[in-house]
Every structure is written in C-alpha cells, then in structure tokens.
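Before any questions on binding or motion, here is one chain by itself as structure tokens, the form predicted on its own.
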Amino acid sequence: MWAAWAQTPPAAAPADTQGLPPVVHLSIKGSGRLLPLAVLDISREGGDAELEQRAKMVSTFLGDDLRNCGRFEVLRDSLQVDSTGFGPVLERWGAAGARALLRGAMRQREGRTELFATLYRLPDQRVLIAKGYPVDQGQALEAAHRLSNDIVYALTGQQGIAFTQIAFVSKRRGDKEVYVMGYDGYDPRPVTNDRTINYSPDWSPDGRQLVYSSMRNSGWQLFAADLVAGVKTPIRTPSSSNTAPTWSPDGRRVLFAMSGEVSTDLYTVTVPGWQIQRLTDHPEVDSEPAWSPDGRQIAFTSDRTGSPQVYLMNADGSDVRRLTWEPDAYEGSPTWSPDGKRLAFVRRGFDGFDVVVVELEGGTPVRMTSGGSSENPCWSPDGLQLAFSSNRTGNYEIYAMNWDGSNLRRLTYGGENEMPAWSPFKAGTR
C-alpha cells in the first residue's frame, strides 16, 4: 500500500474451477454485453478411459477460460446429436439467440491425441474455426488456452488473455519472494530466491522482464529480472531507498519513488544507462506512480494536502492536479486501464480498503469490492479484468474479477499473496 509495504509454505492449489454452467433452456437470449456462446459436450471417438479423462480436463479448463475472459455467456448443451444430423442443433441454438456454437471431438490421430474443434457463427452457420489441438499428456491446459484464445479472436477480433501471467509477492516459503503464475492461478513458480523482502513487481512492455524493489543488499534497491535469461540486474540509483517501480510504455525507463534526506519524490531512470530525472519536488510523500498507456501522463499517490490522494501530472512532472476528492479518505495505488479511459485505485473505508474505478472523463468513482481489505489493483491487458489482493478470507490472497466487479474468483491459496501485476499479451500467441 502507501509506502509499498504490506505482508504457508504449502503449495498453492489451482484456481477455483466449476466447469461449464448446467444445461440451459433454449429460450435464453443472452445477457447484455456478453455474447451468448453455446458449447456442446466434447464427444469421443471410442470409449478409451484416458481419452475420456482428457476430454473432461479440456472441458473444465476451456469452460473456465471462456467464462473468465469477460466476453461470453457460456450456454451448455449436453444433448447428443441425433439421427437427424447436426443441422437442427445449430438451428435450435440460432433461434434461441446464441451468436456462436462450439463443438469438439477428442480423437486419436497417428498415435497422438487431439481435440478437433469447430466453431460456428450463428444464425448463418458459417464455420469460423475447424482445427485440431494436441492433447497429449500434460497438454490439456495448453490446448484449452489455445482454443479459447482462437475463439475470442474469431468472434471479437481481439486478443485473448489465456496465456497471460500474473506476477505477485508471496510468503509461502517464509520470505517475501516474487512469483509468476498463469492468469488463472495455475503453475505458480518463484522468480526470486533472495530470502529477504521483495515488493512491487511490474512487467516490461515486452513481457520479458520484471522490475521490483528488494532488500537483498540492505536498503531498498531496484532490480530487473530477465525471465528468459534468468538474470537479475541491479538498477543504479543514488539512494538506498527506492520503491514502487514501474516500466514506461516504451520500455526504456523505470519510474519509481526515491527517498532522500528530506522527502520522497518520483524519479525516472533509463535502463540501461542509469540516467536519473526528478519529476516531483515536494516536502510531502509522493509514491505509487503509474504511467498512462500512451506515456504522456503519470498518476501517483501523495499526501501533500493531508491524507493520501490520487494525483495526475504530465510525464515530465508538470501540471500536477488532484484527481480524488473524497473527504477525509485515504485513496491511492492508482493504475490505468489499457485504453487510458479508466483509473482503478483503492479507497479506505471503515473496515479496510476497497477497489474503486473511475471514468477519467467526468465519471463518478464506483466501488467494486466489499468485505475485508482489497488492495493493489491491476488491469488485464485487454482491460476487461482486474486482479487485486484481499484478506477477505483471513490471509491475503490474489483475486480476479471482471472490471465491473462481477465474476469474482480466487487465484491463490496460502502463504500470504499480494501485489499482483498482470503481464502484457504473451508474444507469439493470439
């Protein structure tokens, strides 16, 4: 939180999975902005038990991906195609208001297992996807991610988030280390093993590096961890108290808060080159900076008018103006939506912090969470999701939800998990 400070050992369980929704009546027309997508049970060529198990795994993972991407109302159809053929199934769902239908068949081909998936646009029954996805041992999750991303692209023309990742800080092994996991909470793995306190990870625009603040060499020092090469490089600054780092949208600089003898102000440092530029100069604390997606503005937290509030300024430090005005409130941890139209931040109430979202062009701040204390919000790269940490169940864990507060789900289990940072779209995937 405010100065970037905040919080066992058992391995985290996968994210909550509930499979696909139950069979729905054909009278359902879909809800609002969500595109109604009918999904048939995956059929199998043959009664092989292993084939059936892989079909169930893919179905569960795919259902989670489609439900959690924030784009579809998933309509489940467990009816099998009868002797009249597949055409009537498409006609029924088209008449019911579904905009697309997905069918899949698990089969063996040349000694390998694959899911052959077909996506139809409705009501014209145009085939948008007809493709095989490998589902050999250990590939069920990857196959589901690839298919769900293909569905998102085919129906919306936008990238899917199934291969994105979330960096976070966890105490599951005793110390506060930086971890990375899938967007759905699967496969958490450590990035650091410093046996000290690490905070505030943030992704480089290319998704290759994480910048974070660490106590590994005494004092708060910034590091850049190359996730591909496995190399961690110290970022040189003239202070031993550097916190809340964040990459510039062009990947050339890191913006951070640096404490001197008199105050804590905001600075940028080039990476590499280590050229320092001061952006704020105020006797009170300025911290928690966040770049706008176009790199022209910076949001940050400051207590220059008393309690911490969210401020905006130009990227060169000029034109500082206050954004939040809730009387006597503590408001901070701002983060921009990828389209630059919204800002998420936290506001302290009677029982802790809540995540609040405001439209930057004249909107009213809307509270998105309740129960416990919800902190450190971050946006998914498509702008449809928010991740945050919350102690609503006792320990701090990472949660995700649609940006409007719906579809809340828990991603981590045990070990005190906080400070999530959502990656950009993974290179090479749609």
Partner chain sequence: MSKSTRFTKLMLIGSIAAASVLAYGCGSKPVQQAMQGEMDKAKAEAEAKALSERIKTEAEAKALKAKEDMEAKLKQDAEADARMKAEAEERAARNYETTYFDYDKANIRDDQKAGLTASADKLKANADIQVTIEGHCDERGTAEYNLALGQKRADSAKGFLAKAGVAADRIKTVSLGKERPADAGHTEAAWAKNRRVEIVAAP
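Positions refer to the first chain, counted from 1. Values in this document were obtained by computation on a predicted structure and should not be read as measured data.
The same protein has a further form, the form predicted together with the partner chain, not shown here; the description that follows concerns it.
Taking the partner chain as it sits in the model of the complex, is T268 in contact with it (heavy atom to heavy atom, 4.5 Å or less)? So T268 does not count as contacting the partner chain.
Please run the contact check for F86 against the partner chain in the model of the complex: heavy atoms, 4.5 angstroms, yes or no? Residue-level check for F86: no, no contact with the partner chain.
Any chance S200 has a heavy atom within 4.5 Å of the partner chain in the model of the complex? Residue-level check for S200: yes, a contact with the partner chain.
Closest heavy atom of W220 to the partner chain in the model of the complex, within 4.5 Å or not? Contact with the partner chain, yes.
Name the single residue among S241, T118, S248, Q297 that comes within 4.5 Å of the partner chain in the model of the complex, judging by heavy atoms. It is S241.
Option touching the partner chain, based on a heavy atom within 4.5 Å in the model of the complex, out of R342, R253, K176, R103: Of R342, R253, K176, R103, the residue with a heavy atom within 4.5 Å of the partner chain in the model of the complex is K176.
Just to confirm the contact call: exactly one of 325-333, 86-94, 107-115, 310-318 touches the partner chain in the model of the complex at a 4.5 Å heavy atom cutoff, so which is it? Heavy atoms within 4.5 Å of the partner chain in the model of the complex occur in 325-333.
Of 260-279, which residues get within 4.5 Å of the partner chain in the model of the complex if you count heavy atoms? Stretch hits, in order: G260, E261, V262, S263, T264.
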